[in-house]
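This document opens with one chain alone, in structure tokens, the form predicted on its own.
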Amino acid sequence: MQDLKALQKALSKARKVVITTHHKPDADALGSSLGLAGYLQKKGHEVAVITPTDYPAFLSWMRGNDNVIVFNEGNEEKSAALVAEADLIFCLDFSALGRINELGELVRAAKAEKVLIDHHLEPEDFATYTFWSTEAASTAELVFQLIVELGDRQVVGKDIAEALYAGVMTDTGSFKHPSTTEYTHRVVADLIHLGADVHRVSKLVYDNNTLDKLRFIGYALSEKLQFLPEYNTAYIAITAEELERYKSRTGDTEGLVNYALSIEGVVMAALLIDRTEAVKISFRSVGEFSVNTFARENFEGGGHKNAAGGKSNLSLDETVDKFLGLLPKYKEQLQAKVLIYQ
């Protein structure tokens, strides 16, 4: 980390701390935030966790969840005051301030020193301290590493360990993604040693579905999944009406794109969802095909090489047409990468 000793000095006395993460937080975003919050509170700091938006109900078991401030649920003034009064602002699991919506400019303007902890590509240069690595499997892994490097491994207990484990588990696809390393498993082993109940966390995250969600997944796979063998690509496009029909809640579409990616021969998969204000897109890939580049070049997005997001202000049908129209341009890459991947 850049200036570890300087950050250690900044944390040597009680501080007002704000922790924030990207909109629609997933388990890595929330787990790393609440894990870090638990640690800083144990060290005597006054900590507020602010999320730009709500997040899946299946993450509500994490210690500290009841105190999370959701910015866009009537907490704009409270959040602005906390950000303005903070001594330190930790920015977790995002690389650009635009990823935290309206909170971004508040954080940019705040007098507080900023700390970026992240593993996405091309981070924006806004932080005083940066703990960033694209080699890390998750932000939760980086948070644990930071705690250890600050000399406070012994401070981590069951609640912190489980929040961080949830982040590592989900961002590695249950340790299936190429980002999973020997070090990742060493971190997990240490978190288990420090009290994480991996069976409990797995059940709470993966086996906590509503009936509507399961029926929605079944519908999406049977009626909406499209496979384009010529381009080694699969996609699912979901309308706003379909979300409403299945009473979709935040988190219900999480992981759906991975079903498309699991088809034999698929190199790129996309999930396009009409969120009314915009079409939100999730991209996944295998091998050397970079969906980060694809999303940046065409859909105002980015992320990791094999997992990225984007958006479109066109209608859903127009966005699908745009996506399909781009595939011939990338046909050679999509086909070549299959041979390399195999």
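These numbers come from a predicted model, not from an experiment. All residue numbers refer to positions in the sequence shown, first residue = 1.
There is also a form predicted in complex with a small molecule; it is not shown, and the following applies to it.
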> Does G38 make contact with the small molecule in the predicted bound form, using a 4.5 Å heavy atom cut-off?
Replying inline: no
>> Taking the small molecule as it sits in the predicted bound form, is S282 in contact with it (heavy atom to heavy atom, 4.5 Å or less)?
In response: yes
> For A307, is any heavy atom within 4.5 Å of the small molecule in the predicted bound form, or not?
Replying inline: yes
> Would G287 show up as a contact with the small molecule in the predicted bound form if we use heavy atoms at 4.5 Å?
Replying inline: no
>> Based on heavy atom distances of 4.5 Å or less, which listed stretch (39-47, 59-67, 313-321, 294-302) is in contact with the small molecule in the predicted bound form?
In response: 294-302
